[in-house]
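In structure tokens, the next block holds one chain alone, the form predicted alone.
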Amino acid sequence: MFKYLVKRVLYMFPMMFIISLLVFITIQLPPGDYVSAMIEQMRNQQGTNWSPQFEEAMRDRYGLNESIIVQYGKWSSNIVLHGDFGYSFQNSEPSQKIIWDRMGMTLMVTLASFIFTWAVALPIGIYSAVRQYSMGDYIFSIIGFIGMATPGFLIALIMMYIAFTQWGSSLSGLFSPKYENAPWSLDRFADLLKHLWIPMIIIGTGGTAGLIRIMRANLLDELNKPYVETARAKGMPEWRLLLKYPVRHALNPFVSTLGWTLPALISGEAIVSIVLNLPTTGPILLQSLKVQDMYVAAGFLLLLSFLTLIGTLLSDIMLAWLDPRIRFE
């Protein structure tokens, strides 16, 4: 087990190097740079034509005149050695400050959505498989298809409309106005929990619907295998039989989705965060891509890729623990 973990962790280092290189090159692909976007915006707003000397001076100030190899070397080495993700041109402050300020809230929303997804999808998937073609199975299937087909931002808009028209309240944000900029305390945390369930349900709905179908299909396949009939013929209680064998085997594809569920939840919350005005990474990442604030955007994309690797590692470990047929090799 320890040898397997060490090997998998070591594999992550070359993967992160390749990912970081691709992320940095991708950020550099759009024509122009932050200075070009900033000057164009100022020209449109103020009608001022800036001289080429001014543009050159601004590029020298932000280090944009250096080659992409030099820029990548400085960026990657600063991250590894100093935890420095670069400088935010738009906000005139270190990128890591913006990233970590938003990443904490994003992880809270993502973790809550992930727990909601599994807590709902697992029992409903088991019920739909055991009670195949029952009224409950049909109802959950219909709800699941609707959840898969409905975008998260549309659900957010519907919930906001209902809350405003029926109760006269707003569902935007993660805090009440008096706690929005207050220091952390038990009261502020309690206020967060009061607001957290809204984005948790909205963001987790799409993933929940898909996982229900995955669990149902795989459990149905397991229930028809001979070992289930043999265990049932020996007189094993149905609930014990269900949980000990078929459910455990049916969890394999369910657990394997962990690798893409974590980044999918984070990337899927971007539009929902904009609609609900959430202080998460989505709105900042979108804005940084629009204005070519390259170091902020690259930092967010790098962390998203890192979460994908972490999710894949966790899913591999859980698969090997769940199924003895899988070995740590």
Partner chain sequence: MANDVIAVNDPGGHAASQEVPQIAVASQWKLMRWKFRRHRMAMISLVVLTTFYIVAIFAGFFAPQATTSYNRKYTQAPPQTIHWFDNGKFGPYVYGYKQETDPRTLERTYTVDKDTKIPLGFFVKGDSYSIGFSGMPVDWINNLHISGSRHFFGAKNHGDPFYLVGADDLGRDVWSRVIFAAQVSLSVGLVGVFLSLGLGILLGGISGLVGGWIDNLIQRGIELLRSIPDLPLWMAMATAVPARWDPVVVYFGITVILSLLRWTDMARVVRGRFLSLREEDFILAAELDGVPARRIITKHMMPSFLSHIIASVTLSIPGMILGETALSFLGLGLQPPVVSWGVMLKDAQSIRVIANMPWMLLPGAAVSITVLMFNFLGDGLRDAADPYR
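In this text the structure is predicted, and so the values were computed from the model without any measurement. Residue numbers count along the first chain shown, from 1.
Absent from the display: the form predicted together with the partner chain. The rest refers to it.
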{"property": "Residue among 239, 133, 184, 161 with a heavy atom within 4.5 Å of the partner chain in the predicted bound form", "result": "161"}
{"property": "Of 119, 146, 80, 107, the one that lies within 4.5 Å of the partner chain in the predicted bound form (heavy atoms)", "result": "146"}
{"property": "Residues 26, 304 and 309 all lining the partner chain in the predicted bound form, heavy atom within 4.5 Å", "result": "yes"}
{"property": "Distance check, residue 154 to the partner chain in the predicted bound form, heavy atom within 4.5 Å", "result": "yes"}
{"property": "Heavy atom of residue 90 within 4.5 Å of the partner chain in the predicted bound form", "result": "no"}
{"property": "Contact test in the predicted bound form: residue 150 vs the partner chain, heavy atoms, 4.5 Å", "result": "yes"}
{"property": "In the predicted bound form, residue 9 touching the partner chain (heavy atom, 4.5 Å)", "result": "no"}
{"property": "Any residue of 213 to 230 that, in the predicted bound form, places a heavy atom within 4.5 Å of the partner chain", "result": "none"}
